[in-house]
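We begin with a single chain expressed as structure tokens, specifically the form predicted alone.
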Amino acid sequence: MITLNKDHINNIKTRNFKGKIWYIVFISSAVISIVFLSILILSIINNTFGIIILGLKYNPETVSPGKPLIKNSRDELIKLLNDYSGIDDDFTPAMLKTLNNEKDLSLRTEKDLYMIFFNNVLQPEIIRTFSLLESVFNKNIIIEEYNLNKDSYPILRMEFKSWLNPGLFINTQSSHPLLSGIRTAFFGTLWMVFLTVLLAMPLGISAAIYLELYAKDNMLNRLIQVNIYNLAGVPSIIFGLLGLAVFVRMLEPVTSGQFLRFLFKSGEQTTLNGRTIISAGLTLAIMVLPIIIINTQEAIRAVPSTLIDSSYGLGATKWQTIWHHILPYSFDRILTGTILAVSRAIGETAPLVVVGASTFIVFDPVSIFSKFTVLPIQIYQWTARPQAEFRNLAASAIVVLLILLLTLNLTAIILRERTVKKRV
């Protein structure tokens, strides 16, 4: 039987007390984190939905009798625009050829014609937007605002609007929030993800295998390892400057597509410079490369030594051991680290701005040599505008970005679980 003296009992009480303190600290940290994340998500959702009051200077049924305006064909829209008169003395058919980048109506697409008609004839104006909470709890203020503007517009609508709608994915950027969307930025982000994974994942895994399993323990390799750890913490803007100097300027004949005499389509205007998707993809790939290398090395170190020794004991070569045992066993951890690195790349803005991402672009990227923009830059551009409705669009774009990140992480989890089941 063990007898505890007074000092032992005091030590046990002290340790228990410290344990309870740290338990409270850990629980409090988790609760605070969840609260802040909940506030962030609720704030985004609050701005994604809500009531808007929309005023039209002219009635669509008057300017397009017989059918809804959106049902008119391209030729019918041109005729409506050319025949338009008697509604606004300041708006004449002669102005139509100078509208929207001074292009003749016959050169415009059906969508462009509709946008010209919508903006310049109907002249819609969003009187005021309300958040989701305001729409639910401040209905009296909304009705008062509606009645205040009722006599100022022939058509005044009050409707509940979801800014996250199919039009957000169909439309490109526009100066009018009702016609603006993220299509170009969404495709640009997908191109960036594809290139980053394609370039960084094989290079990062290969470099980690060499450093962990082939490289000798000498001063050069230790120096390389230290630099990799340092590069993982370098600010992203530095990688942007590297991409500007190397990929945009030094390798411009390659990254611009000049060496292929690449011909752009879909009305894309190009000056054949290096500010293209491939330059941005290479820049982001280099940025996440140290993270992938470090994660892969840690995954390889987690492989049990008994598994490796057993493989060698059965006569397997070093490469056979790596290919058939080390990589399959550590693939789930490698995949998780790679997805986390790519998720960081998706949210980057600074290096892409330096490399040359466009802040306003209306044509979709058709190749790795196209000009581009991405969702974070689109969100930043919208939040910088003074109109409140563009902040609603930014909130809906943030939801899309979060869904894209969650999809990547979910894919990694599914692949990881399948790999673990096969391994077991």
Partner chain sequence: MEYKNLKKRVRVNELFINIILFVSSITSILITLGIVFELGKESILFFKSGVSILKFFTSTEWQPAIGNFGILPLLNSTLITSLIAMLISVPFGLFAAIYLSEYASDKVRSIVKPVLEILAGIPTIVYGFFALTFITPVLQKVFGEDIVEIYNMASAGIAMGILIIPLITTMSEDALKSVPKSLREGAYGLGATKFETSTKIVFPAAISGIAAAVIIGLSRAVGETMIVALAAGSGPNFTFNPFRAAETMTGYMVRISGGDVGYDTFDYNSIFVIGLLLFIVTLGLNILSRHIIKKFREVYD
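Numbering follows the first chain given and starts at 1. Just so it is clear, the model here is predicted, and its values are computed rather than measured. Here, rigid core means the biggest group of C-alpha atoms that superpose within 1.5 Å across both forms.
One more form of this protein, predicted together with the partner chain, exists but is not displayed; see below.
- Contact check for I379: a non-hydrogen atom falls within 4.5 Å of the partner chain in the predicted complex.
- In the predicted complex, the partner chain sits beyond 4.5 Å of every heavy atom of K57.
- None of the heavy atoms of T411 is located within 4.5 Å of the partner chain in the predicted complex.
- At the 4.5 Å threshold, heavy atoms of T172 stay clear of the partner chain in the predicted complex, well away from it.
- Proximity to the partner chain in the predicted complex, defined as a heavy atom within 4.5 Å, singles out one entry of Q320, N165, S73, N147, which is Q320.
- Contact with the partner chain in the predicted complex, judged by any heavy atom within 4.5 Å, is made by just one of L178, I78, I286, L195: I286.
- In the predicted complex, every residue of the candidate spot (I237, M250 and R416) has a heavy atom lying within 4.5 Å of the partner chain.
- Here the chain stands alone, but in the predicted complex its contact with the partner chain, taken as any heavy atom within 4.5 Å, falls in 222 to 230 among 182 to 190, 331 to 339, 222 to 230, 154 to 162.
- In sequence order, P376, I379, Y380, T383, A384, R391, A394, A395, I398, L401, L402, L405 are the residues of 374 to 406 having a heavy atom within 4.5 Å of the partner chain in the predicted complex; the partner itself is omitted from this view.
- A displacement of 2 angstroms or greater separates the C-alpha positions of S28 between this form and the one not shown, with the rigid core held in common.
- I413: CA moves 2 Å or more between this form and the one not shown after rigid-core fitting.
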